[in-house]
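Consider the single chain below, provided in structure tokens and representing the form predicted on its own.
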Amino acid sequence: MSTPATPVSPPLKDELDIVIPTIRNLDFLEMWRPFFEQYHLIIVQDGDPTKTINVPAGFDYELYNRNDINRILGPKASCISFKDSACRCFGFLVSKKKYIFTIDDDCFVAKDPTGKEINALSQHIQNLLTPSTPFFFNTLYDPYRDGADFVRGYPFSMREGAPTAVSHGLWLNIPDYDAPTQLVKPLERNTRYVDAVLTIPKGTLFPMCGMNLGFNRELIGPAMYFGLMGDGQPIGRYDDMWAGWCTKVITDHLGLGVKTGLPYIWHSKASNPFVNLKKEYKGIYWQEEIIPFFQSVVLSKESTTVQKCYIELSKMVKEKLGPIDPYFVKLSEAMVTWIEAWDEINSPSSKSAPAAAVDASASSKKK
């Protein structure tokens, strides 16, 4: 077989960062090497900043620990969670790329029903580069996939679709269950591979999982704040949920789309359900009030950017959810701090010099 005269670059090689939160050596990257090696990685080290995280040779990466976060953000570092995977959003903050793919370090390469390894990153890119259909449901699911189209009765005026802001992937093996469900079904595994990509309709919320997620940072980045979780907070394991609820009401308001379905990854490890229950129990109660809150959110016509939407949403959180628990007042203030940090790190004047300062502050940068 002939080979190209020059190497073929993978899609969006210079426009996409892979963000990984971790507390351990990243040996799992060896399995992903064929798919990740030519992309830039942003690794956010959680927990003890004195611990050395080993990254396999050959990967282009930056690694940030808590000391780096404090040095780069100063007092605004208070909005970044500690001892929780929510710290991944720091990687979203300092990235200079248009697209983000984020994955957990216990997620491996899955195989489709034919036994072929799934390039999850490639599928996320495909999802993000094709439109969504949030305003009218297509019963053949994603009409932009090969072998599909709009069905009879689908309005021609809507067939251009909407820009896709989020691509939400799924998992084989260990399901993303809450602690009570884990305890009831400790041996349950997801073996169902559904070959489908769907747009989540406008006005419909969903539980977003951060372990296999792609998004267009330019379209929705400021809304991808994973909240205050972990050390010093009364709740955990709701970081991606919070980001998903905020993101969905903002994408709905701005006319953007969210897809879910393919790609699959192999979720290798079930976390301890008793530990999870301690983290989740308040959230399990609170979500019965949080969900109706988000379902009732109506953003004003003056909120024409993601930042404006998020600031308006933070005020609603303080007013409507604050009476439930003081935590939500603190969270609403952290939402504002997050936007301030986003605008500071990503302002037009910081595109060159501050970016270099951020890189220089990182604990490690290798290739």
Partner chain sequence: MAAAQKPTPLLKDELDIVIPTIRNLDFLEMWRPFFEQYHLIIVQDGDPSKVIKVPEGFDYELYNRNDINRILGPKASCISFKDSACRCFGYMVSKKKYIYTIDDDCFVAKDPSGNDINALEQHIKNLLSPSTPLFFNTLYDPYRDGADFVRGYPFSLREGVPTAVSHGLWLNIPDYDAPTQLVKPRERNTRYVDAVLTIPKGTIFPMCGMNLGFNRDLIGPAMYFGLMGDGQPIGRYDDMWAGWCTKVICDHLNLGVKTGLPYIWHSKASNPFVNLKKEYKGIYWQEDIIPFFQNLTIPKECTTVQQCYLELAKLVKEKLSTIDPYFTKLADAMVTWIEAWDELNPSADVAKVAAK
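Keep in mind that this is a model prediction, so the values were computed, not measured. Numbering follows the first chain given and starts at 1.
Although not depicted, the form predicted in complex with its partner chain is the subject of the following passage.
A heavy atom within 4.5 Å of its partner chain in the predicted bound form is found for one listed residue only; from Val275, Leu129, Leu183, Leu140, this is Leu140.
A heavy atom within 4.5 Å of its partner chain in the predicted bound form is found for one listed residue only; from Arg189, Lys269, Arg71, Lys111, this is Arg189.
Within 4.5 Å of some heavy atom of its partner chain in the predicted bound form lies at least one heavy atom of Arg145. Taking the partner from elsewhere, Arg217 is found to have every heavy atom lying beyond 4.5 Å of its partner chain in the predicted bound form. Mapping the unseen interface onto this chain, Met241 counts among the residues with a heavy atom inside 4.5 Å of its partner chain in the predicted bound form. Taking the partner from elsewhere, Asn119 is found to have every heavy atom lying beyond 4.5 Å of its partner chain in the predicted bound form. In summary, the region of this chain contacting its partner chain in the predicted bound form, judged by heavy atoms within 4.5 Å and restricted to 162-170, 71-79, 217-225, 91-99, corresponds to 162-170. Here the marked residues Leu26, Thr52 and Gly230 all miss its partner chain in the predicted bound form; none has a heavy atom within 4.5 angstroms. Residues are counted as partner-facing when one of their heavy atoms sits within 4.5 Å of its partner chain in the predicted bound form; in 145-177 these are Arg145, Asp146, Gly147, Ala148, Asp149, Phe150, Val151, Arg152, Gly153, Tyr154, Pro155, Phe156, Ser157, Met158, Arg159, His168, Leu170, Trp171, Pro175, Asp176, Tyr177, in sequence order.
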